[in-house]
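Next up: just one chain, as structure tokens, the form predicted on its own.
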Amino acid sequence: MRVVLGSDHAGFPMKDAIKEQVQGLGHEVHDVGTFSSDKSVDYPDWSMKATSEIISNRADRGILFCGTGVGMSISANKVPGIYAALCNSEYAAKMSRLHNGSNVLVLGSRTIGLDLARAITEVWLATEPEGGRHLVRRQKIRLYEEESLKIEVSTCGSGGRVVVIEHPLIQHKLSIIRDKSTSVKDFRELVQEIAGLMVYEISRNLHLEEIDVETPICPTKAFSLSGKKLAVVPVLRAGLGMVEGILRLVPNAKVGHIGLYRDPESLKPIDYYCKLPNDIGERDIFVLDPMLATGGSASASIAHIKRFGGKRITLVCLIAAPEGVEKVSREHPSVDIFAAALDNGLNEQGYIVPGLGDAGDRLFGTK
């Protein structure tokens, strides 16, 4: 791992000691300074030097030092894509990685001793972030940065996005399909409507190209989807319920199909059919799997598509469980996951709780 270190004059002595420790643990260290405790310097300058190394992907993580650690943590967290944690215990260091995905550790040289600082550093470097609901919460922070600053925030190696679409219309319709008394006809129509509403969010990053248009008044510049190469790939059979809703808005998309079923004992996916467009590698691909439960079927479907050359893949679900999100994110870290809801988890039968039951049965009136 590439670790960048930075400090002001007050943090310099501890930085020098921790530098030796990090190198001893086998990591590559880049020290941006300061290089003496004799001259007073301004902590924001050294914080920015260090964090720029992470944002530019020249470092994977960073450790910052000042007297209390407060100044370094405040200045570091002004940089989009930097998630700095001021830690005074091993537990805080572990949780800052496990739950919060911190990419910068901040230590106060005048508030903790060197032995504790070394213990905190070792735990922080050794801990990897958890997925599931913690991944979703971290993603919300990143999305807030993007929306408020109007820029795309670097993932800093965290992989694809997990986006829960909380639009009121989607949530309203979702509550109706959760209801066990909703008829097959209404359930089927509502699933299509929800899928159509989700298109606005899942297609947000499609590329546009400028074109010339002649209006009834005068010529003007307008925008068109670049290439218009889209593919919709439902996971049979429940995924079929989402196809029509998406095609109403992107009617030129080609449709592939992947057939899998879940072994009732092992809960593992078993494939029986796969038919994709010949030019799948050139297309933006929406994989449709209404219920992301264990994640087995979705992950296997994405693996199928990759074997056929698919690259730009997005997974679209109605309801997801943390277990499924974690599996897909771990096995396919570049794939974005969009869902209308993230539920509590799975029961002993592998169904999402509270969920909506078996989406395929409710779509097609079978048991």
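For the two forms, the rigid core is made up of the largest set of C-alpha atoms that agree within 1.5 Å on superposition. A quick note: this is a predicted structure, and the numbers were derived from the prediction, not measured. Numbering starts at 1 and follows the sequence shown.
There is another form of the same protein, the form predicted in complex with D-ribose (RB5); it is not shown, and what comes next is about it.
Site accessibility, open: after C-alpha superposition of the site, D-ribose (RB5) as positioned in the model of the complex shows no atom within 2.4 Å of the backbone or C-beta atoms of the displayed chain.
Contact annotation: residue 67 falls within 4.5 Å of D-ribose (RB5) in the model of the complex, judged by heavy atom distances. Though the partner is left out of this view, residue 110 does reach within 4.5 Å of D-ribose (RB5) in the model of the complex, counting heavy atoms only. At least one heavy atom of residue 9 is located within 4.5 Å of D-ribose (RB5) in the model of the complex. In the model of the complex, D-ribose (RB5) sits beyond 4.5 Å of every heavy atom of residue 256.
With D-ribose (RB5) omitted here, the record of contacts in the model of the complex names 69-77 of 185-193, 69-77, 273-281, 122-130, defined by a heavy atom within 4.5 Å.
Shown here without D-ribose (RB5), the chain has no residue in 273-297 lying with a heavy atom within 4.5 Å of that partner in the model of the complex. Relative to the superposed rigid core, the position of the CA of residue 196 differs between the shown form and the other one by less than 2 Å. The rigid-core alignment places the CA of residue 106 2 Å or more apart between the shown form and the other one. In the core-superposed comparison between the shown form and the other one, residue 74 has its Cα shifted by at least 2 Å.
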